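One chain follows as structure tokens, the form predicted alone.
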Amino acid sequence: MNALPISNSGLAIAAGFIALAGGVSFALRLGVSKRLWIAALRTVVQLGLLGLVLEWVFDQRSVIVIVAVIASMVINAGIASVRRTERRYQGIWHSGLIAVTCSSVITAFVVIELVIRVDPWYEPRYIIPLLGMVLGNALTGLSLCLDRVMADLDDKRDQVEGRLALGATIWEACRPFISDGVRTGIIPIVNSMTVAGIVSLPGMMTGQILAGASPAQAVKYQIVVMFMIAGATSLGALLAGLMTFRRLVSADHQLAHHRLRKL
């Protein structure tokens, strides 16, 4: 059994939901109608182009092409994770890219090689969707962590300096803020796992059921994906927090908050 095809007229009907959201915005003067339509247009264009690209990639089955697609996905995720922050420091782009790469790529390859046992590992129907789901969630957790850590170290630097004056090391003085940042980054996936199967039916499971897979098999895949996302998000947030700490500490072990600039 395969998923039932959706016609162009069906897509047009679905577009009515965007019109409904736009009507709500207009009626309540929310001021987001323009942004909503632009976002909807971008969704159609971006996903349409993605569909064409993936069809070509699936036909090629070339390791060089797959690696190029993976590299593009990772680089764009690293950029997106930093763009969402309100503060920046020199080298933050490298920090975001390293954190995203190490967390997402490692977890995705562990699942591909040891859990699902895909052969070859670069089978595009597995590696690209799985990596995409991990990147989408990991970059959110990473950016939340970055934003929280930088905001706390900037706004609460007097607390850090007070702890240093009392004899604490720079790590002891900053650790609570690093921990809060990592916790902030992890909360979304923890919330998602808490309500999975009770309030929400996750996308991976829904897609497999629509494609004809048995619910039991779809559940196994969804569990693997959510655990993978949790691991990648935790590792990415931790790396982002530690690299931010390293960048904002001077050679004499003092907090160099002047290195931060607010956008």
Partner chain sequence: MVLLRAKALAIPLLAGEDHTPMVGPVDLEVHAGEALTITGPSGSGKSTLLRCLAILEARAQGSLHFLDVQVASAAVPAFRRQVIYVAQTPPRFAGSVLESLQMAFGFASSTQAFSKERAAAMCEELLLPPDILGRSLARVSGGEAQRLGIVRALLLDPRVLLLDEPTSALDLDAEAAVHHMIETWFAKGDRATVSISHKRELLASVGTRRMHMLQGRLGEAA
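Residue numbers count along the first chain shown, from 1. Computed from a predicted structure; not experimentally measured.
Beyond the structure shown, there is the form predicted together with the partner chain, which is absent from this document and is the topic of what follows.
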So, in the predicted complex, is residue 172 in contact with the partner chain at a 4.5 angstroms heavy atom limit?
yes
Wondering, does residue 106 line up within 4.5 Å of the partner chain in the predicted complex on heavy atoms?
no
Within 4.5 Å, heavy atoms only: does residue 243 come near the partner chain in the predicted complex?
no
Applying a 4.5 Å heavy atom distance criterion, does residue 183 contact the partner chain in the predicted complex?
no
Have a look at 162 to 170, 106 to 114, 119 to 127, 144 to 152 and name the one stretch with heavy atoms inside 4.5 Å of the partner chain in the predicted complex.
162 to 170
Should the three residues 87, 94 and 247 be counted as contacting the partner chain in the predicted complex, with contact defined as a heavy atom within 4.5 Å for each?
no
Enumerate the residues of 232 to 263 that have a non-hydrogen atom within 4.5 Å of the partner chain in the predicted complex, in sequence order, or give none.
251, 252, 253, 254, 255, 256, 258
